[in-house]
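A single chain comes next, written as C-alpha cells; it is the form predicted alone.
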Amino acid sequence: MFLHILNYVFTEHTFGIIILLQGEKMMEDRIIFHIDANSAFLSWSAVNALQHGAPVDFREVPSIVGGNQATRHGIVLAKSIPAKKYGIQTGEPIIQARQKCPSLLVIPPEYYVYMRCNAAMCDIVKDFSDRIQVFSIDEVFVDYTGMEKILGDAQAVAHQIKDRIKNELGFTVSVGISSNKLLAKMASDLKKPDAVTTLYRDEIEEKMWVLPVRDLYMVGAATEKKLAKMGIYSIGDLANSEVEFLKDKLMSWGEVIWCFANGIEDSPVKPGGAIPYVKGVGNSCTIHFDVEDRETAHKVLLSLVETVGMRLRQGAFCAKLVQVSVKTSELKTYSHQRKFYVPTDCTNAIFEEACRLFDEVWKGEPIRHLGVRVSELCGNDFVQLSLLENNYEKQRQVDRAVDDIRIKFGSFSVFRAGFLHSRLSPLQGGIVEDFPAMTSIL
C-alpha cells in the first residue's frame, strides 16, 4: 500500500499527501510483537539435553551446533556465548573453530527438536492472541491490536509472554513491539537476550537510524557495498537519501529499502500466510562419497526433498517452481528448473519433478554436491487441483501424518525403506541430526 501511496507524494498532490497521512494513522494504531528465540538452535538443544539428564548446560560452556566433519558437513550453525568469546563465528568450518577452542563441545543439529520447541512457544503465544504468523522456526509475529482492552498494556503482556516461555520451556526470547512487522523485528534485535524493546515511529531516529545500514532488514553484504559507494553507511543515511536517486542506482529495490529505513511497511500478520520477501525454500548437501550412478543420485534428491517438503508445509506454502543444482567432483556447477502445472507442497510431486530435471541435465560426471530449491511460493490454504492429480489430497494427508510422527518421535522414527543399507541418510541437508546406523525400520 505505502509503495503506491508514495508515488502520489512524489507528484506533490495534496490529495496524495492526505492519503499518506491517513494510511500512516491507521498503521500507527496497530500493535505488533516480534518474538525471537535467543540462540535458538543451541538453546533448544541444551533444554532437550537437560530434560534427558545431561550433566551440563550447553549454553554455559564453549559449544556449537554443527554438522559431521566426517561427512563433509563441518559448519558452525549456532554458538554459545562462551564460544563467542573465543571468536567463533556462525558459518565457519568446525575444524577452524576447534583450533580456536580445543575443548569446544560440538552438538549435532536436531531439526525435529527445534520444531517441537517452536510449537510449544506458539502454544504459549496463542494464549494472548489468535493472530500469529510463524516467520521462521525461531521467530513469530503477533498482532496484539485491540487485545490491550482485554489483557492490558502491550509492554506488560510482552513481559508476561517472555517470562512464561522462560519459566515453562526453559529458554529465553526477545520481544520487539511496534506498529508494524518491520519495526517490531528491528526492535527485537536491539536488545538481547531475554528483553522487551519498543521501536515506534517517533523512536526511529534515536534507536534505528544510528545503526549501520547492514543492520537493516533485507540489506545484505552485496547491497551494503553498493550503498557504501554512494556514501551511505548508516540506516539514517539511507532514510535521508533521495528515493529517486536510490531507484536510479538500485531500481525498485532502492525504493523498498528506503521505505524500510523510514519504518514504512504495512503487511498484515496473517495466520498461516506467506512471509513477505521469502523467495523460496532450499536444501543442499555435500555427499560423503562421489555419486556416480543415477539411482544413488535420485536417493540423495529424495533425502533433500523430504525436508524441503516438510518446511513448505510447516510454513503453509505451496511452490510453483523447482530447481535442481549439481556440483561435480571437479567443482563444476550447473542447474535446471521447471514450473509445476499446479502449485504443490507434496513431497512425492516435488521429488518426481526433481528427478526429471536431474536426468535431463546430468552429464554423467561424479557428483560431489546436490541441491533442491522450490520458489514462487503461494499459500496452501487454497489449491487448484488438476484432473490428472486424483490422489493429491490423500498424499497431503500422508505427508502431514509423517511430519507429525517425526516431530513427536524424532527425525528417523519413520523413513523410506529404500534408504536401508544405502550409506545415505533418509533426510539430508538443512537442519537435521546425523542419521544413526540402522539396519531395520523402527
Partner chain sequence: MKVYMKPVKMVAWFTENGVPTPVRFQMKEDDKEFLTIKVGNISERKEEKLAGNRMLIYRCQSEIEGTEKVYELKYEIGTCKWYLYKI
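Positions refer to the first chain, counted from 1. This structure is a prediction, so every number in the text was calculated from the model and none was measured.
FYI, the form predicted together with its partner chain isn't displayed, but the following is about it.
**Student:** Okay, which stretch from 371-379, 49-57, 31-39, 394-402 lines its partner chain in the predicted bound form, with non-hydrogen atoms inside 4.5 Å?
**Tutor:** After filtering at 4.5 Å, what remains is 49-57.
**Student:** For Glu168, is any heavy atom within 4.5 Å of its partner chain in the predicted bound form, or not?
**Tutor:** Yes - in the predicted bound form, heavy atoms of Glu168 and its partner chain come within 4.5 Å of each other.
**Student:** Do Cys117 and its partner chain share at least one heavy atom pair within 4.5 Å in the predicted bound form?
**Tutor:** The answer is yes: Cys117 has a heavy atom within 4.5 Å of its partner chain.
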